[in-house]
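Two forms of the same protein chain are encoded below as structure tokens; each is given separately, as structure 1 and structure 2.
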Structure 1
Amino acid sequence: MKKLPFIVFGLVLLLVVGSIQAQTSVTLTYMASQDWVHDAEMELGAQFEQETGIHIDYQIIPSDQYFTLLQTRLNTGEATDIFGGQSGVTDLIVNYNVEVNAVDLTDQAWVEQMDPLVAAQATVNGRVYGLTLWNTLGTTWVVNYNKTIFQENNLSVPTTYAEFRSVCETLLGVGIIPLFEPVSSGWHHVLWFPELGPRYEEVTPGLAEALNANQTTFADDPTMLTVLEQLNELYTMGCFGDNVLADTYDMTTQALASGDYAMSVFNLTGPQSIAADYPDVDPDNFGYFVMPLADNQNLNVNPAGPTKFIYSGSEHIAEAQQYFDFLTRPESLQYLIDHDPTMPTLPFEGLTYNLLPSQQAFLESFAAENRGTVYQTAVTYVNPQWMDIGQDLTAMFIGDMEPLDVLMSIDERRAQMAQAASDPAWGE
């Protein structure tokens, strides 16, 4: 009888050891597009493994291949435990079919702490399916410009397209490339078009609603045509430099730090990334203005962004939820802000942001009526064809398509996706 406690203790010890061994054998696979997972998150992944024994296998895919591969894996039932995608209700339905392919996360504690506007873009039919751990505020896409170059050439911040064109002409005249535009990445040059949604709405109030109801088309909108014509003119003028079709997004900080380029469409918090890569560069040497095509002077707001989903077919759903819990701890979120220059804000409560005074002042300079939602979020069936739009714009640059052709192509793909989704606005 006296040996019984030792037997019980031994059994308990075996159970504990077995549990630890089972836990340490778990590897969570996580597939994401290039630039969606940064070093700081991987460092948190290492901390998570040290704490739990669960290893994270990050599978980073080139952005121009990612969505095709993701669709293939979802369609064949071979997705990774965690997969990345862009939030936005249309994308969740059309691209990922999250009600089938992703785990319902509505009851997770961290959902209540996420910005409601951001959470809404990861929600379908009232159920939350994704964790948007992204700098949705600081990643507002604006034109970053080199203040020194502007001052040395007596240039002012442009507020119309004519002024913008004049700035580019002056820079070209003194041998400075006006704009860094990494077309080769396939997605960045698309920003010039749907990000101007607030301007489209300003000129034609209710346009997004009409587009979603299939009451009008992109090709019928004169402001959109103007934007593409002006973008094409910038390319034709040589404003993007001779290597525009080969440049890639990962070259942005070097391009702006070098002073060879005066401007680039970059995140509002892009200067922090530049300073992180090139410590000798003062982030305050950069200013900001909105993309002024079609004389736009409205701030483009996007509450959507790269989002993490747990695959419904995963054998490790509980461990993936555990990883999400770890990432959304206040100390983990603050770690991302403090250690990732691309994440100076995150859409969660109670964090200390890392914005420059100039960035805060820029945001505050836009009244509520001069802010609006970008069209890849406001208009259905736009974001899912982002890379296709990129290919069309490249074809426009090299003369294989006209601006109106690009708009018509967007309309055609929207109709196809709407019909595939049985959208009642498009009929049978």
Structure 2
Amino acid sequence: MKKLPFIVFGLVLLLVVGSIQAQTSVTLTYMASQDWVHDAEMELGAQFEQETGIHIDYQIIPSDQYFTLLQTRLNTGEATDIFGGQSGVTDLIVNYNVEVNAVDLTDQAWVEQMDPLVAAQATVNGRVYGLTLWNTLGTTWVVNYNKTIFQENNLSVPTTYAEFRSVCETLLGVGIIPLFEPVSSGWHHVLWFPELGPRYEEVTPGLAEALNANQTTFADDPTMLTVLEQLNELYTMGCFGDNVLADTYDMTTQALASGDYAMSVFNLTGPQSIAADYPDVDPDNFGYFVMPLADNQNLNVNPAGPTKFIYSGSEHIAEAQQYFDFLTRPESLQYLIDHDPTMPTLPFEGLTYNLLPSQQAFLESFAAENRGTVYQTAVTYVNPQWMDIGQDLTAMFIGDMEPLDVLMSIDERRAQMAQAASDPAWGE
């Protein structure tokens, strides 16, 4: 028992030393889903620490557990100083409740430099809450086509659905499968529908807003119905091949590299992935065009992506803002592009992108008025039901559902989610 006073004294000493140390150095905790923080960003974090003495503690969580864990920590008031989340106005409100949980960053200098379409997806009621550092342009989903196959068959890039259909018929006639469509993955074939948001908006201006205000429905929109009917027609014609229901997304590079398939909906930077898997393949052998269903000629941009937020309950808000300032310096952004192969573009002004000249030219061929936001981002309650739409579309392919049923089913799920979220537009 004589030792007790010494033990107590030792503990007190430890606490005092610990608290003095804690006061002199700040550690920012940063929680993100797997694949959202890459090595290049951590290297920048190390440079930031050298410059400021502020250490970043990255807490990387497996993607399937991330969302649940983040919600739990937000709800219990124990979130990290910085947390990652998917931008998009619905997600910001419904999933993260940023108006309560995140710091308003509207007055930060870098907000001006961020692409306005991207910034809009991190904005709620006119206030910017997040910093999106993501390859939003390079991940644009477009039809990648094999130039050699097109030349050999005297085919030109289709600009209408009729031309697209005719390209498919020609290819089927010569024994080449027109499109690789990995339906078995459950999510890829959905791209054909909400990614055409800019076209829906072009035909019916203000449609997304009306859908969000619950003033109209998907089932009421004739362009959407046309898109699904045309997609179903492509399936019925055999344009996706016999194995379509068993094909998986990981086979895409092989399918395109082999020349068995002439086209596939793939990222704009898809050819780089093909060349990485099959070094003999020249990435310049692939060209690009937008999905021409419903005669679409607009570029589908998804300005949403993994975004960084500062937790409103953090004790280190100023330091976290300092970190965001550091990351958004032009030299830091260029460092990310040059050192992270998954980030050939970033949504900020004045950067040199890591794209092929043909990809750069393709993007530049779309004027601002011919670019628009995809509907999984522009319209509420679409993204969370992505896989359900996938099942509906498969059911449509096999004849269990009609195109109109698919649209009604989407409306039904939107209503359920809106009511669960007590969305005022849906009322009681």
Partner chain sequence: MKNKNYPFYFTIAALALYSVFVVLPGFMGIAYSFTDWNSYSTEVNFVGLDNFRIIFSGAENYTDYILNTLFFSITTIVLKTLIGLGLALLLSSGVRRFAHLYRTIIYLPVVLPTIAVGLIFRSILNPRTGILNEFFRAVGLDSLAQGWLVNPDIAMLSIIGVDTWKGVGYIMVILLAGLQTIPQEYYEAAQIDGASSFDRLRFITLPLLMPAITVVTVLNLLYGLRVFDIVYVLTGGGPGYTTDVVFTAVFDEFSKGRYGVGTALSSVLFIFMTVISFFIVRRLTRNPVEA
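Think of the rigid core as the biggest set of C-alphas that the two forms share within 1.5 Å after superposition. Fair warning: this is a prediction, and the values are worked out from it, not measured in the lab. Residues are numbered by position in structure 1's sequence, first residue being 1.
The form predicted on its own appears here as structure 1; structure 2 is the other form of the chain. Fitting C-alpha atoms of each rigid part between structures 1 and 2 shows the smaller part swung round by 33° relative to the larger. Once the two forms are overlaid on the core, D39 shows a Cα shift of 10.6 Å between structures 1 and 2.
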